[in-house]
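Only one chain comes next, encoded as structure tokens, the form predicted on its own.
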């Protein structure tokens, strides 16, 4: 039976690739796409999501507008990483789709209430929408099956500040609320996603995808690769969000470790740092399974195979 998921996202180049992976995967049943701020503004992220469901052929999936700013901190966007429109050099035609009538956090509440214990929240952006849902109706936290979050950096350097990963950095207070909501949570941090570098050699292996899908992947990742080369001296691009999505298809791609994870909220030098208690010094029960190792070759093969299936 396919796993029911809500995809919470801020598209975003790698978010878009994750959505294409979900669309190509019969192992998942995509109930909704909830859109947050993050890689670009809420308006642009929503526009991108509506265009992407058309590209992916999943226009039956509702797309809901979500939070336009973090709970506490000021808004951050990453257009230097993802381009002015959020999708690199890719240009998609205007969408005929309209957002769902419910706001993202209300749609999350509604779907979880109707499917108690059955829905996995796949979160690849700031956690604002999820935190808003839990704050509005705390009881639904106990009805979520689990959360898979692309977020955090344990040993790996941050990509937003020297110590903080971008999704956590955008709304650390929201991430802290969700992390401590008592739900099974799998964190997919930079420690594993930055081992998954998508190169021009990988791109050349995507030969069977529909022409518009192939052009989108080419144009979006070209921008992403240019950013990684100029800012991080990486040849290729880290496809962070597709790795988190891939765990819904094959959870054995990663090796998880149980940790109590906290988010630094006060320090001016390490704000939004995710801290894992490796040796139990805090005497607190683990609140997350953290992906610390990944089978890169198997993941890349899976991603390329599924992109070629989009015909």
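Positions refer to the first chain, counted from 1. Because the structure is predicted, anything quoted here is derived from the model rather than measured.
Only in words, not in the display: the form predicted in complex with beta-D-ribofuranose, which the text now covers.
Can any non-hydrogen atom of residue 240 be found within 4.5 angstroms of beta-D-ribofuranose in the model of the complex? Judged by the heavy-atom cut-off of 4.5 Å, residue 240 is in contact with beta-D-ribofuranose in the model of the complex.
Quiz item: Does beta-D-ribofuranose get within 4.5 angstroms of any non-hydrogen atom of residue 166 in the model of the complex?
Solution: It does: once beta-D-ribofuranose is placed as it appears in the model of the complex, residue 166 has a heavy atom within 4.5 Å of it.
Does residue 220 reach beta-D-ribofuranose in the model of the complex, with heavy atoms at most 4.5 Å apart?
-> Residue 220: no, not in contact with beta-D-ribofuranose in the model of the complex.
Residue 190 versus beta-D-ribofuranose, in the model of the complex: is there a non-hydrogen atom within 4.5 Å? Within the cut-off, so yes.
Could you work out which of 174, 133, 144, 124 is the residue within 4.5 angstroms of beta-D-ribofuranose in the model of the complex, going by heavy atoms? Of the listed residues, the single hit is 124.
- Any idea which of 195 to 203, 210 to 218, 104 to 112, 157 to 165 reaches within 4.5 Å of beta-D-ribofuranose in the model of the complex, heavy atoms considered? Looking at the other structure, the answer is 157 to 165.
* Judged by heavy atoms and a 4.5 Å cut-off, are 44, 67 and 128 together in contact with beta-D-ribofuranose in the model of the complex? -> No, the candidate spot makes no contact with beta-D-ribofuranose.
- Item | Heavy atom within 4.5 Å of beta-D-ribofuranose in the model of the complex - qualifying residues of 12 to 30 | 14, 15 sit within 4.5 Å of the partner.
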